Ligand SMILES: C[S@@+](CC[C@H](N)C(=O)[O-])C[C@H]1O[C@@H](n2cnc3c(N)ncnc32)[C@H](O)[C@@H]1O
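Quick setup: one chain, the form predicted alone, written in structure tokens, and binding and motion questions come after.
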């Protein structure tokens, strides 16, 4: 699909970065597009993916700097994560590939004041959810056409490995319920183009807004 819904929300996710450079973890990094945008802000980035082909493709593109990126094949559902280590954790279109309980593990990996952002997919639960989903259809078609035309003018789309597709998504009601349970104080924001944003900020010692 020429118009990438996840890439469309990169600026929104970057607006949620905590102050100052720090350490970021990008879960399900794919070909590293968002990891490179994090590095461009000065963050030191650990970018992980379960797919060796994706990690190889991402590593081949390097880092734009000034932050460095370390790409590695890893499964955050089974591999150990250091606790209280990351200033920012991003999980883009990856949560539906893993148990929802993984959010608790990612939360424990945040430093006080650290931010977790989860850009995910969810099935509509309410009439408002359905209305938003239906309204996105014509806008998406227009965006796809514009991006496709741009790619044709620039020699065609980039080739490379494709991320696996899973069509079994939780409902919006399930996302809200599980986010409240696993990430107390988090916010769940429905977005256009069939995406949902979970935002959580870890409180604790060293965080002026926490206890």
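Values in this document were obtained by computation on a predicted structure and should not be read as measured data. Residue numbers count along the first chain shown, from 1.
Omitted here: the form predicted in complex with the ligand. The next part is about that form.
Trainee: Would residue 173 sit within 4.5 Å of the ligand in the predicted bound form, counting heavy atoms only?
Mentor: Contact check for residue 173: no, nothing within 4.5 Å of the ligand in the predicted bound form.
Trainee: Taking any heavy atom pair closer than or equal to 4.5 Å as contact, tell me whether residue 98 reaches the ligand in the predicted bound form.
Mentor: Residue 98: yes, in contact with the ligand in the predicted bound form.
Trainee: Answer for residue 77 alone: is it within 4.5 Å of the ligand in the predicted bound form, judged on heavy atom distances?
Mentor: Within the cut-off, so yes.
Trainee: Consider residue 177 of the chain shown here, and say whether it contacts the ligand in the predicted bound form, taking contact as heavy atoms within 4.5 Å.
Mentor: Heavy-atom contact with the ligand at 4.5 Å: absent for residue 177.
Trainee: Which residue, 44, 50, 57, 40, has a heavy atom that falls within 4.5 Å of the ligand in the predicted bound form?
Mentor: Filtering the options by heavy-atom distance leaves 50.
Trainee: If the cut-off is 4.5 angstroms on heavy atoms, which of these, 117, 109, 122, 93, is the one near the ligand in the predicted bound form?
Mentor: Exactly one residue meets the criterion: 93.
Trainee: Given that the partner is absent here, state which listed stretch (81-89, 125-133, 67-75, 109-117) has heavy atoms within 4.5 Å of the ligand in the predicted bound form.
Mentor: Stretch 67-75 is the one.
Trainee: Heavy atoms within 4.5 Å of the ligand in the predicted bound form is the criterion; list the residues of 12-44 that meet it.
Mentor: Result: 28, 29, 30, 33.
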